[in-house]
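Here you get one chain, nothing else, as structure tokens; it is the form predicted alone.
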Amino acid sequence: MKWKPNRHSHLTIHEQIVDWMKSRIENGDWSIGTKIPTQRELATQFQVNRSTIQLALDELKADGLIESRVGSGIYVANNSWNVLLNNSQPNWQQHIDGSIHKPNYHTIQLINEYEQLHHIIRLGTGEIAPELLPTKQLEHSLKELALDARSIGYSSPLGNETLRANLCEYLKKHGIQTSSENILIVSGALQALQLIAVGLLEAGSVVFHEQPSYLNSVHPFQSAGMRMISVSKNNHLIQQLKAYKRNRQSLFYTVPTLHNPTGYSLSLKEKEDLFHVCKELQIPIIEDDVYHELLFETTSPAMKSFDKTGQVLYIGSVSKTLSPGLRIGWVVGPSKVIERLADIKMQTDYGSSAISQLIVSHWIATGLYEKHLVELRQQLKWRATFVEHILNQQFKDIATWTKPEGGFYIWLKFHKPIVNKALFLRLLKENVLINPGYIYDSSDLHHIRLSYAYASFEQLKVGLNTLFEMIQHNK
């Protein structure tokens, strides 16, 4: 019995015809090259108007299943089976392309991939070297921890209570007076930014930041629909902020101490000026202060230390100092904000690692953390001196830089705009991985974020020599 469309179906007549013809091709009844019956024949068989047949055939042609041959008729297309196979699977690329989260720059994707390879010399990595991690001490401290079923279960929404209490005492040394209910434990500073993006701002809000900016190499705010605006911290800052803010929600993201990627630190006056401008305009500040403990000399107080009205959300972390693998950071802010961020975090991961929180709490409470910081700063200072010596020997005629005050980075500026993707890829072929300036500011072809924190002394020497020779060769 010949098939006919069901006039009582929820599908339209032409949709049923399209599905039937697809099934004929898929089942092999109409193999590749088979001539399709004429419109008149199909209209008669299905008892429909020719216009309905024409609509179905046009859809099948658009899908690549059939093709017209001038003066001959309509045939099953050569690629029809491949088309049907692809159509039978979810179109994941369509899902990916339409998703909310922005893809990272291709260069950063390559950096993330090649950083995992042991033979690569990592000249830009924002991470301390494995030999600088207190591996043995951490292992020993695990034996000193008293574990019970409660302590290794899910922690409270705000995080381990003892850790938060210990952080209150620790932060006092940096001029920050707070209480446990004003601290949220997070899985690193980046999670703090992601929670703030989705929990405190509406789509279209403005996020002010310095240029160049770490925020351009990750997309916590961009993917949440925020508008990123770079500003200069000069005498016209208040006019800039007013002009862009208007009636929109906004906040100011800053890394005031050992800025990523430049390594610059604001003076106390610069911190105060920025704080008061934002307070006057009611613009909350995110103070990302994950590097301040790595200053070689005494630091000026955090902006949070002179915040009496909940203007500043303060972010700290042990990822740059103790261990990135522990994934422990914290946010200090008004209790309502902390409760909001905690609620979202519980919906996301149900709390940071209980074991990691116990370790960090133990290290802070016993003084192990501060003792480790003294040694780490000294090690980083030696490395910075070593790299500066190489720069003075080889790069002083082609680049400039500022003596590092601490942390990981030297913001190396070449006289000519040579730091492009071609240079990045050529170095990668030589097993040297750099962090080019254009991942922090798309128009920057002069800078490299040079890290002395990860590569060994020998690798730093070889990697910088390779960079110098490549630049000389391509003059």
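Numbers for residues come from their place in the sequence shown, where the first is 1. Just so we're on the same page, rigid core means the largest C-alpha set that superposes within 1.5 Å between forms. Computed from a predicted model, the values in this text were never measured in an experiment.
Another form, the form predicted in complex with another copy of the chain, is not on view; read the next lines as being about it.
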Has each of 153, 194 and 282 got a heavy atom lying within 4.5 angstroms of another copy of the chain in the predicted bound form?
-> yes
Only one of 295 to 303, 175 to 183, 393 to 401, 312 to 320 has residues with a heavy atom within 4.5 Å of another copy of the chain in the predicted bound form, and that stretch is 312 to 320
If you check in the predicted bound form, is residue 242 within 4.5 Å of another copy of the chain, heavy atoms only?
-> yes
Answer for residue 102 alone: is it within 4.5 Å of another copy of the chain in the predicted bound form, judged on heavy atom distances?
-> yes
Wondering, does residue 231 line up within 4.5 Å of another copy of the chain in the predicted bound form on heavy atoms?
-> no
Is residue 254 one of the residues lying within 4.5 Å of another copy of the chain in the predicted bound form, judged by heavy atom distances?
-> no
The single option of 266, 337, 364, 380 touching another copy of the chain in the predicted bound form, heavy atom within 4.5 Å = 337
Students should find that, of 385, 72, 347, 78, the residue having a non-hydrogen atom no more than 4.5 angstroms from another copy of the chain in the predicted bound form is 347
Contact set, 11 to 26 vs another copy of the chain in the predicted bound form - heavy atom within 4.5 angstroms | 11, 15, 19, 26
Does the distance between the two CA positions of residue 441 reach 2 Å or more between this form and the one not shown, the core being superposed?
-> no
Has the Cα of residue 65 moved 2 Å or more between this form and the one not shown, judged after a core fit?
-> yes
